[in-house]
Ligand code: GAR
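Below sits a lone chain in structure tokens, taken as the form predicted alone.
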């Protein structure tokens, strides 16, 4: 049972232990505080007493658990846990759109999207999908208590492309943020016009197979381009050929190197990608 909870929450055994301790200590504090409050009112222990007691500890419990979570370092986990519980009870989450971010590397764009959407009541980053066990984006997911899915090439390209898993998580939209595998046709068919990507160049220039990251910036500098930029686009069956959604450019000088161009491009990505993702997802039918 404990292993099942640990896997569901995607936490280490140490964090799992701290979470269980928080539940236990928060519950004890809640029960103690509830009894003290009712004793202060000098209520007799009859049926009414127990009804009031149950109502009182139900109100106190979230506050007690959050209080205990602070010294145990689990405040972020319980804040999200209680928010999801509240959404389930009130039905607030109904109609929300749930995003899966696919990433293969450090995840700086994923981090910006998560931060940007933190207070959005209609969009939630519900899943981080990654194809590399050591990728930094997995640490970002853990820090934000977002579930992760580590995918394998065989199932992704020759199996069901993890569509069943995405459906189980109620994923409405997929965002590629530095994801280096080509998206299989089955996944594109399952999410028509619901998969978007960001490319570090002004497409149609410098797109296609093998054109990503430093390869793009090296080609831009080698060809003496005077500008480069980003293209946010829908994903279709061909590399970087989907319909364009947004482009932004930056100047490239003779003094620029692939590294300096990469820094300019990353600044554009962080400036625009999160906002465009939010707008596209909110307006998607």
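Nothing here was measured: the structure is a model prediction, and the numbers come from that model. Numbering follows the first chain given and starts at 1.
What comes next is about the form predicted together with this ligand, which is not displayed.
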* Close approach of residue 108 to this ligand in the predicted complex, 4.5 Å, heavy atom -> yes
* Using a 4.5 Å heavy atom cut-off, state whether residue 266 contacts this ligand in the predicted complex. => yes
* To do: Would you please decide whether residue 156 lies within 4.5 angstroms of this ligand in the predicted complex, comparing each non-hydrogen atom pair?
  => no
* **Distance check, residue 211 to this ligand in the predicted complex, heavy atom within 4.5 Å** => yes
* Asked: in the predicted complex, which of the listed residues (185, 86, 180, 150) lies with a heavy atom within 4.5 Å of this ligand?
  -> 180
* Heavy atom within 4.5 Å of this ligand in the predicted complex: which of 127, 174, 114, 198? -> 198
* Asked: Just one stretch in 185 to 193, 67 to 75, 98 to 106, 157 to 165 has heavy atoms within 4.5 Å of this ligand in the predicted complex, so which one is it?
  -> 98 to 106
